[in-house]
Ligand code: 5GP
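Just one chain is shown here, as structure tokens, and it is the form predicted alone.
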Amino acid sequence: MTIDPKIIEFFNKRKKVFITTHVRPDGDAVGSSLALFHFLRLQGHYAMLSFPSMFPDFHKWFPGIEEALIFPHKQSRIKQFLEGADLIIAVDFNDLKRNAELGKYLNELNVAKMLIDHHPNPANGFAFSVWNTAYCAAGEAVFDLIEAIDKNALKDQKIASCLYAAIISDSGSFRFPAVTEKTFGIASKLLASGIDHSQIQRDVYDNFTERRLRFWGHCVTEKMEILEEFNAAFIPITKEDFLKFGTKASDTENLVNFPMSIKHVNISVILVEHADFIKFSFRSKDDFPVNELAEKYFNGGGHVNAAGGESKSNMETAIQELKDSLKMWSKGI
């Protein structure tokens, strides 16, 4: 993707930049936003990174993550930084006002905003944009931006490691349909920096605690249901499940992909119970558009093969809503 020359010109002078990503940040969100944070600092800009909610413990290995501020814990310091800020950058999500209390606060500030993302249907109001649904991960968008401004910065191992982790996180280690020839080209350039790609793979995927692994085992053996008529599988996870294993919602990251290893399963869904809603995560194979399913029935959206939604119902009703939605979808209703 060609970067708008106005963006490059904007960063020619030292700026005060605030970076954030989405609630419950995953590997792509953490890696891409951290890579951008390191890059802007390297370029001499005054940068701050803040997450709207706490990141999972298994992301603590990311270089520099200890410098990220958690909004609920550091509100006064963050708001002070935003006074006189030149730019707010939203990474790996496309609508500030949907991003919990931090997003709502940022959305109302009279500060220029920039979008770096790959999700469809972004909100209006961004002065700058590095956005394309062809990106398999936000990490690809950050890579393009850095390469356009100063490609030598990609030799920095902190930046390269964060970007590589971001890309393998959202691409399932290069196996999801969104991966392109460009994705492998980017990975090759990042490897040229000297990063330890095997160690990054282990950090991203082989990072389970015993508690989390036993929790996953419980989810698969005791909770997973197969809907053969729809070639679908779903896993409902309640607050009691989390309490039993001492786990939390972040421990479900990537669990939705697990049922997809079953040969005939083309659609996988996990339903996670929160205080006042049920969060849906959808995955699919081939060209089944789970983003359209999520948007039509669950007030959600996302990518063709990866989407999210929610229901205000209890778990029992939400499960029935899922079954009904698949039945109606199959009938074109």
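Keep in mind that what you see is a predicted model, and the values were worked out from it rather than measured. Note that residue numbering follows the sequence shown and begins at 1.
Keep in mind the form predicted in complex with this ligand is missing from the figure; the text below concerns it.
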Does Arg98 reach this ligand in the predicted complex if we count a contact as any heavy atom within 4.5 Å? yes
Residue-level contact is defined here as any heavy atom of the residue lying within 4.5 Å of this ligand in the predicted complex; does His119 satisfy this criterion? yes
Lys285 within 4.5 Å of this ligand in the predicted complex, heavy atoms: no
Considering non-hydrogen atoms and a 4.5 Å limit, does this ligand approach Pro289 in the predicted complex? no
Since the partner isn't included here, can you check whether this ligand sits close to all of Lys279, His303 and Ala306 in the predicted complex (heavy atom within 4.5 Å for each)? yes
Testing 50 to 58, 66 to 74, 32 to 40, 294 to 302 against this ligand in the predicted complex with a 4.5 Å heavy atom criterion leaves exactly one stretch, namely 294 to 302
